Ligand code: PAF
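Before any questions on how it binds or moves, here is one chain, the form predicted alone, in structure tokens.
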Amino acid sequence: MKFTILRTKSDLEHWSNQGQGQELHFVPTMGCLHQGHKELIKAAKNFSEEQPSKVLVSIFVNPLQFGEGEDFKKYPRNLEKDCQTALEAGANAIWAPSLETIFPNGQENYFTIQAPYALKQSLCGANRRNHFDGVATIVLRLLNLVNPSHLFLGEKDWQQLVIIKQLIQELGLKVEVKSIATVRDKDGLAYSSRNEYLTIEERAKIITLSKLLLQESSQFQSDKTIDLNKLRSALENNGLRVEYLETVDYKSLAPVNYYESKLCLLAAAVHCGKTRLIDHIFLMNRKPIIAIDGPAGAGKSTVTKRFAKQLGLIYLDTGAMYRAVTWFLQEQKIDADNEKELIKALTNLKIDINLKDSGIQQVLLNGKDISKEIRSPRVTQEVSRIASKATVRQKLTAQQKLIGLKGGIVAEGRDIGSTVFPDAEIKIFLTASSKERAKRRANDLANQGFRVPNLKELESQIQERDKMDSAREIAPLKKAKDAKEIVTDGMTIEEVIETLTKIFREEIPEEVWPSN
């Protein structure tokens, strides 16, 4: 598809109707395209290898988001240069509408949007009274005219991103938002169209902002402390006027104390000469934890392993740990109902779970590889009863919590979100019908060389185990209140992982944990 420049609504409609069956990926901008925009366009271009798509970049300097005395008239405009930049990044077309195209009957004859007060009372919204109302109004108009399948936005303008995502959610618009981490120049300065205003001397001053923020981020990772007063003084001593410097909740944008929040935003706006620039970093007390619970045979292990690998996180199969204990007690002929024997048996028990490069899970018990043995029907029939023992759960839960202290894990089991990691950033309840799980169990047994009972017998066993797991007094199988349920009947592994990835990205910004 050749590169096209669109001006009118009819131009847009004609171009959009070409190549039926293609997804339309939309990158809205105000022009003066830079490397940050190029990364957005590249992300839009490369988003889906399987689904044919085309990328549209809009250039519209929105008068509604500029306040009195701001730089609307002098905002940098160079359509020819922008077209070349967009083309090089992989865009298929640029749409450069006039104000009359956006509001054919005059701006005063159309509804305007008011962004929620709670989302605009802090950060940029505190001093730019109608800014986000103007942003929301124009974004909604653009989306209605373009009708894209996906909308690509930068995380640099985090407050704007939060507001647009809520706008789309509340209005039920059928467009999926994809956010891209802040892109920085070699000196660390976040790319911005307004960087063009800076003189050489001013740029040398303004990079102090990004340097100090990045230093604070590194410092926070080491000792979990920051000093906002000291940071403000450092900025001011370097000739920058601080408009705001504050920590807010990354979703509600309400002010928070960073040491009381699992994940928050440290954001700043400064003036350097006549130029106003913003920047931010995220402060996270530990790496993210994803807790995936659900009944036996729901596909948790397969999905969790692949999902963890995709995110570059550690995979923790707590079910395998309970299977290992069950196998050990069976092998040693230890009566699990004898509390003294059980405590003694577990005292020096060490379980290690490794994931090989091949993706195969290895379970070691005191150094012995028992990966296959723990999947036998004999262990399967007994593991629910053993897992209900307070002594067993106490020992393994303590070990699991220890593993999760630094975060950075995807853990699966029966009570991960409700008991082991109740403070996990993301909680999933992965389930499937007993009929579907019986089919999967039959395939697993056949692949491992075990005898395969008939499906009705397997389904009956699964239902009985569900009953036992749900009814046990200690850490019963249940969906955590804040968990999101995924029913996997009829879904491929890839589809389940895609759903998990969407949920993950709703909670964790790219800047905090980039996609591999």
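One rule holds for the numbers: they count along the sequence shown, beginning at 1. All figures in this text were calculated on a predicted structure; none of them were measured in a lab.
Omitted from view is the form predicted in complex with this ligand, to which the following refers.
- Between the options I207, V139, I353, L245, the residue in contact with this ligand in the predicted bound form by a heavy atom within 4.5 angstroms is V139.
- When this ligand is considered in the predicted bound form, only one residue from E202, D249, D133, D157 comes within 4.5 Å through any heavy atom, namely D157.
- This ligand in the predicted bound form is not approached by G36, whose heavy atoms all lie more than 4.5 angstroms from it.
- Heavy atoms of Q65 reach within 4.5 Å of this ligand in the predicted bound form, making it an interface residue.
- Looking at M491, you'd find every heavy atom of it more than 4.5 angstroms from this ligand in the predicted bound form.
- Looking at M30, you'd find a heavy atom of it within 4.5 angstroms of this ligand in the predicted bound form.
- Of the candidate stretches 57-65, 463-471, 447-455, 483-491, only 57-65 contains residues with a heavy atom within 4.5 Å of this ligand in the predicted bound form.
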